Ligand code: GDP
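In structure tokens, one chain follows: the form predicted alone.
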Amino acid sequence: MAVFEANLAALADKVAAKLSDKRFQHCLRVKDYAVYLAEQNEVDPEQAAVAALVHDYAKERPDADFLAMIDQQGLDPDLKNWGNPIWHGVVGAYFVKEELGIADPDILRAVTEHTTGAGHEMAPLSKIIFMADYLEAGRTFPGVAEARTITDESLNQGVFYQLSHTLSFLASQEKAIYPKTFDAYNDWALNQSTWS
């Protein structure tokens, strides 16, 4: 554990160097909540800590960096229409891999999916990072206490709650909804009998 903690501290320093203090403090709170959820759901807490710490690593980069990475990696050109709220996860995972040397596919998938969600067969680590980002101790939005209670009872119910409420919120603001998020919601809704 001491080796892991030393490595995590070194990783935290690298993440902090790329983020404002406010964003970095959010990452630390997400790490704490992710470890809590991992322990509740029999997921490796060390893996959860790393994924949570790096989930917003690319959040404060200039748009040009994301656009260049989309081209460099040959990603779906439609991504260029979406912006940072989507990019910092979907494209950000490539920065995590290249710059931090993290190659664990489960961690990279969790970073990718934390901004979009995924279907009901979403990996357990991805669910944990998705929910820890939404529920960390600094969050105060209406319904957060209910969302925490639901997630404590069922990680799957928590994911579906977040997807439902995020779509409702975006629609109420008349904002575009990223297609994969819409698909994720539909997949959870259509397969409710298999996960609830």
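All residue numbers are counted from 1 along the displayed sequence. What you see is a predicted model, and the numbers here were worked out from it, not measured in a lab.
Not on display, but discussed next: the form predicted together with guanosine-5'-diphosphate (GDP).
Proximity of His114, Thr166 and Ala176 to guanosine-5'-diphosphate (GDP) in the predicted bound form is complete: all three residues have a non-hydrogen atom within 4.5 angstroms. Although the partner is absent here, Trp82 lies within 4.5 Å of guanosine-5'-diphosphate (GDP) in the predicted bound form, judged by heavy atoms. None of the heavy atoms of Ala147 is located within 4.5 Å of guanosine-5'-diphosphate (GDP) in the predicted bound form. The closest heavy atom approach of Arg61 to guanosine-5'-diphosphate (GDP) in the predicted bound form falls outside 4.5 Å. For the chain shown alone, His26 is a contact residue for guanosine-5'-diphosphate (GDP) in the predicted bound form, at least one non-hydrogen atom being within 4.5 angstroms. From the list 150 to 158, 166 to 174, 62 to 70, 42 to 50, the contact stretch for guanosine-5'-diphosphate (GDP) in the predicted bound form under a 4.5 Å heavy atom rule is 166 to 174. Note on the partner interface in the predicted bound form: the residue among Ala123, Ile102, Leu75, Ile86 having a heavy atom within 4.5 angstroms of guanosine-5'-diphosphate (GDP) is Ile86. Residues of 48 to 72 placing a heavy atom within 4.5 Å of guanosine-5'-diphosphate (GDP) in the predicted bound form, in sequence order: His55, Asp56, Lys59.
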